[in-house]
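First comes one chain, alone, set out as structure tokens in the form predicted alone.
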């Protein structure tokens, strides 16, 4: 008897998939929707939400009927799996907190004060001038490391140079930059 019923529901799903048969769909809905709702209620879900899950499941059944494979599952198993997935989706949505638009994290940052922007611009100009004093090979490794965010190993590979050479160039460049920036700072404070 169970096999006959299973074949009947598979045939109905096939009719929905191939012919978009509304009568077959209505029969599936009439049989399975109340059962899905009952299972959801037994699982602790409110009746109105259980009914929504059943309806959402059958929207998916209508849309995805062509993906049903009787070799992989029976019609009832396939339909109940869709309903179970809809329930999980609903629970996940409800568990995810909604962002509070009044949260300070969503407020735009205050614009920087004019003196802060001026100081940053002056600092950037000093660094640019100091960078211009570096030999090209040292300037290249600094640019690749700090502005292109390449690792020393990547730089060595890109330049076809030993890693020790890259590290040595970086160390020499940092010493020169530090010295250039300190001397300019001392000149500016006089």
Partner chain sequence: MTSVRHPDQHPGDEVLLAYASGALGAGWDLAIAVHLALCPSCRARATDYESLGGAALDDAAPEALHEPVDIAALIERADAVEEKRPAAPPSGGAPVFPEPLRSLTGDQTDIRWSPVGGGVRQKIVLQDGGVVARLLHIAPGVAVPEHGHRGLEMTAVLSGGYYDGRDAFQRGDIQVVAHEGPHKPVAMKDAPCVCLVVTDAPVRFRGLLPRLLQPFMKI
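Just so it is clear, the model here is predicted, and its values are computed rather than measured. If you superpose the two forms and keep the largest set of C-alpha atoms that fall within 1.5 Å, you have the rigid core. Residue numbers count along the first chain shown, from 1.
The same protein also has a form predicted in complex with the partner chain, omitted here; what follows describes it.
**Student:** Is residue 145 one of the residues lying within 4.5 Å of the partner chain in the predicted bound form, judged by heavy atom distances?
**Tutor:** The answer is yes: residue 145 has a heavy atom within 4.5 Å of the partner chain.
**Student:** Tell me, yes or no, whether residue 174 is in contact with the partner chain in the predicted bound form, where a contact means a heavy atom of each within 4.5 Å.
**Tutor:** The answer is yes: residue 174 has a heavy atom within 4.5 Å of the partner chain.
**Student:** Mark residue 140 yes when one of its heavy atoms lies within 4.5 Å of a heavy atom of the partner chain in the predicted bound form, and no otherwise.
**Tutor:** Outside the cut-off, so no.
**Student:** Does residue 133 make contact with the partner chain in the predicted bound form, using a 4.5 Å heavy atom cut-off?
**Tutor:** Close contact is absent here: in the predicted bound form, residue 133 is far from the partner chain, nothing within 4.5 Å, heavy atoms only.
**Student:** Select from 55 to 87 the residues with a non-hydrogen atom within 4.5 Å of the partner chain in the predicted bound form and write them out in sequence order.
**Tutor:** Heavy-atom contacts to the partner chain in the predicted bound form: 55, 56, 58, 59, 62, 63, 72, 73, 76, 77, 79, 80, 81, 84, 87.
**Student:** Against the rigid core, is the Cα displacement of residue 131 between this form and the one not shown at least 2 Å?
**Tutor:** Yes, shifts by 2 Å or more.
**Student:** Determine whether the C-alpha of residue 171 shifts by 2 Å or more between this form and the one not shown once the rigid core is superposed.
**Tutor:** Comparing the forms between this form and the one not shown, which are aligned on their rigid core, residue 171 does shift its C-alpha by 2 Å or more.
**Student:** Please say whether, between this form and the one not shown, the C-alpha of residue 51 moves by 2 Å or more once the core is aligned.
**Tutor:** Superposed on the core, residue 51 moves its C-alpha less than 2 Å between this form and the one not shown.
**Student:** Check residue 99 against residue 46 at the C-alpha atoms and report closer or farther in the predicted bound form, compared with the shown form; the change is 3 Å or more.
**Tutor:** It is farther: the C-alpha separation of residue 99 and residue 46 rises by at least 3 Å in the predicted bound form.
**Student:** Looking in the predicted bound form, are the Cα atoms of residue 56 and residue 96 closer together or farther apart than here, the change being 3 Å or more?
**Tutor:** Compared with this form, residue 56 and residue 96 lie closer in the predicted bound form.
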